[in-house]
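Only one chain is included here, represented as structure tokens and corresponding to the form predicted on its own.
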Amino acid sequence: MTNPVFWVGVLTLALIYGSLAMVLNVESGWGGMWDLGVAGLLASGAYCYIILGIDDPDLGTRFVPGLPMWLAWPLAAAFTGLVALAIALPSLRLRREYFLITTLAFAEIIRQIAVIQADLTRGTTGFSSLDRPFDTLVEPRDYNYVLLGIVAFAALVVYLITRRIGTSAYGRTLRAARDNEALALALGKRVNRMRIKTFVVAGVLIGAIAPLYLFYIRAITPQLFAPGITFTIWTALVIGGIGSIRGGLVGAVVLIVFTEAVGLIEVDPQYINILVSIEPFLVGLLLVLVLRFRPDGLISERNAFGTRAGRRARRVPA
């Protein structure tokens, strides 16, 4: 029987991916900015957090600020917001596939900077055995439960923030500009400025989530931020439902639990390599089945907003 701690770790990872998917939904699902650079922003926040917290000169880095965790965390979020602004200013002048390619290129540039600037990031060696909040208060074997609580609280905060954005007048304007940009411009909406603001807000949120990812992995190397992480987040969002408020979170839980459950299938040792190679096929099959029978995802945008609007309409007296 699988150890409960294993499933605690799976749920923790699912909530981290779910938080990132909910943020991606704000800029892509509602803002119409199909971003393939999530991994780059995640790397920016993670490395900023680590570098600001370095307090050991023996690590060989040229910058040893030694900031406490509670200060390095918000600074990492703010820095990621600035990186998002630097990416948004040139990228949002482009549309469709050109925007996709540009954001993907920026993410890869950020990853290569982490490799090249070894005197700051320790290159491909990276950092390991990272400090985590409250890790001295519990036994190491029990820390997974503490981390699950921290990540669950963070996911709730991200959900409330994204839900507030989605149901606000700002969110409605975002979706209107996504569906008919010409009409939004004709009504006097500053669409480009609004999209830049949304991209920066998403960057800040991703930068705030980045330390949680480090607490789970307990190490950081440039390879952690390969494009695969972006595609995983996108897959979770598509499964859950692009444009829905809870879709990213639900999709991430389904995707991560399904992936880990496949890995638990007991096979003869000589067939292990076959199981490993078939895992991406099964994930792809899951995605195809969802798109075939639920084209809008498990939770559609129409249900997320239309039902709520309908309830409000029914409460208005005739």
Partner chain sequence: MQNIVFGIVTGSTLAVATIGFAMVYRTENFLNIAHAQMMALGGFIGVVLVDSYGWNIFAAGAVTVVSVGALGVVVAAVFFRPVRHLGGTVLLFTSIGVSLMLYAVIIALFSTQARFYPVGFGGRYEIAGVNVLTADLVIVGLAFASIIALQVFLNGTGLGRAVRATASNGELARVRGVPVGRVSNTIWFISSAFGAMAGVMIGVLSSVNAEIGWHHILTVLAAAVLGGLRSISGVIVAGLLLGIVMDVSVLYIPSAYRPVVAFGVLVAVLVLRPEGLLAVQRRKEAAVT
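Just so you know, these numbers come straight off a predicted model, no measurement behind them. We call the rigid core whatever largest set of C-alpha positions still superposes within 1.5 Å between the two forms. Numbering follows the first chain given and starts at 1.
The form predicted together with its partner chain is left out here; the points below concern that form.
Contact with its partner chain in the model of the complex, judged by any heavy atom within 4.5 Å, is made by just one of I150, L85, L120, L100: L100. The closest heavy atom approach of Y145 to its partner chain in the model of the complex falls outside 4.5 Å. Looking at L156, you'd find every heavy atom of it more than 4.5 angstroms from its partner chain in the model of the complex. Not displayed here, its partner chain is approached by P280 to within 4.5 Å at the level of heavy atoms in the model of the complex.
In the model of the complex, no heavy atom of A72 sits within 4.5 Å of its partner chain. Contact residues in stretch 281 to 300 (any heavy atom within 4.5 Å of its partner chain, taken in the model of the complex) are F281, V283, G284, L285, L287, V288, L291, R292, P295.
After superposing the rigid core, the C-alpha of M69 moves by less than 2 Å between this form and the one not shown.
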